[in-house]
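Read the single chain below, which is given as structure tokens and is the form predicted alone.
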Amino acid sequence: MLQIRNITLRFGERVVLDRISLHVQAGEIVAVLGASGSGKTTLLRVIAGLETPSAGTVWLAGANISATPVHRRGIGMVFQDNQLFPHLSVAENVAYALRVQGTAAPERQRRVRAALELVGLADFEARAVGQLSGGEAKRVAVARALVAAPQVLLLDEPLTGLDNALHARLLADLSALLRARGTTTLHVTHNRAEADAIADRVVEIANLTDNQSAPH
């Protein structure tokens, strides 16, 4: 499904990613573990098309998408800080990708309602983003990423900043949701317990060279 082949990224003289390779099978949830500053978020940004690698390619369903624009890659991403638009309502935030795609209003509304129901926020369509709790904002970010039915979902430490009880509850909910939908997912984290709880397979970013990342 998703293949990252020998990705290298340099910022000036600094090498952020050095010949990273990874294969994620369809429907598989893979956690990439690493310390802060190890390049985890940068790897996701390369896959999403938000950063251009110095070398290497990204493949999705057998096609090289390295030169494909962000909005045409079929990849959704949940950022660590959610990146919700504060001037838009919950429904408008979730609908953003569908607007970019040119989805007709009736279909857009139907899919937004369905996405919010999936994350347990069925009655939140008109809610202002500023009125959301931390956990609610995380759920809205997940709904926004899923509403366009991406082939791959990228999660950039999406549960950071939550208290222990809420973190555990949302982690369980997210894991159940991804498995129910069969969503191919790459989840980056520095938390080993979180990685073990959500993923089918856990890899260390420091080891993603040559063929070490191939599934066993």
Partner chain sequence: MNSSRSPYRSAAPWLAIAPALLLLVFFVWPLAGIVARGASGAAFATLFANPAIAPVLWFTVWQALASTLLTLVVALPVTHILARYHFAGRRLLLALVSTAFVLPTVVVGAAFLALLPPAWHRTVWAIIAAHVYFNSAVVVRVVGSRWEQLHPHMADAARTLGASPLRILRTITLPLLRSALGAAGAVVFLFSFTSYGVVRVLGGPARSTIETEIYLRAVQLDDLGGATALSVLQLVGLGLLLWWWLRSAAARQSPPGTIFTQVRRPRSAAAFAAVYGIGTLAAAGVLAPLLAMLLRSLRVGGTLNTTGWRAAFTPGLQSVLPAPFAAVLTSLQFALATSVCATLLGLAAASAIAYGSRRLVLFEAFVMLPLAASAVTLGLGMLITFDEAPLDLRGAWIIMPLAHSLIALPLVVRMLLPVVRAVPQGAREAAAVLGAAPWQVWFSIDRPLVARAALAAAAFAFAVSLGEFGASSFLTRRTTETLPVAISRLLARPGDLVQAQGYVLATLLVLLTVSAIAAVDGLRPDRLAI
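This structure is a prediction, so every number in the text was calculated from the model and none was measured. Numbering follows the first chain given and starts at 1.
One more form of this protein, predicted in complex with the partner chain, exists but is not displayed; see below.
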Answer range among 44-52, 169-177, 25-33, 185-193 for contact with the partner chain, defined in the model of the complex as heavy atoms within 4.5 Å: 44-52
Looking at A63, A165, V70, A67, which has any heavy atom no more than 4.5 Å from the partner chain in the model of the complex? V70
What I'd like checked is whether A197, R201 and T209 together line the partner chain in the model of the complex, meaning each has a non-hydrogen atom within 4.5 Å of it. no
Taking heavy atoms only, is V100 within 4.5 angstroms of the partner chain in the model of the complex? yes
Any of the heavy atoms of A91 lying within 4.5 Å of the partner chain in the model of the complex? no
Non-hydrogen atom contact H87 with the partner chain in the model of the complex at 4.5 angstroms: yes
Quick one: is M77 in contact with the partner chain in the model of the complex, heavy atoms, 4.5 Å cut-off? yes
Note that the partner chain is not shown here; using its position in the model of the complex, name the residues of 130-158 with a heavy atom within 4.5 Å of it, in sequence order. G130, R144, A145
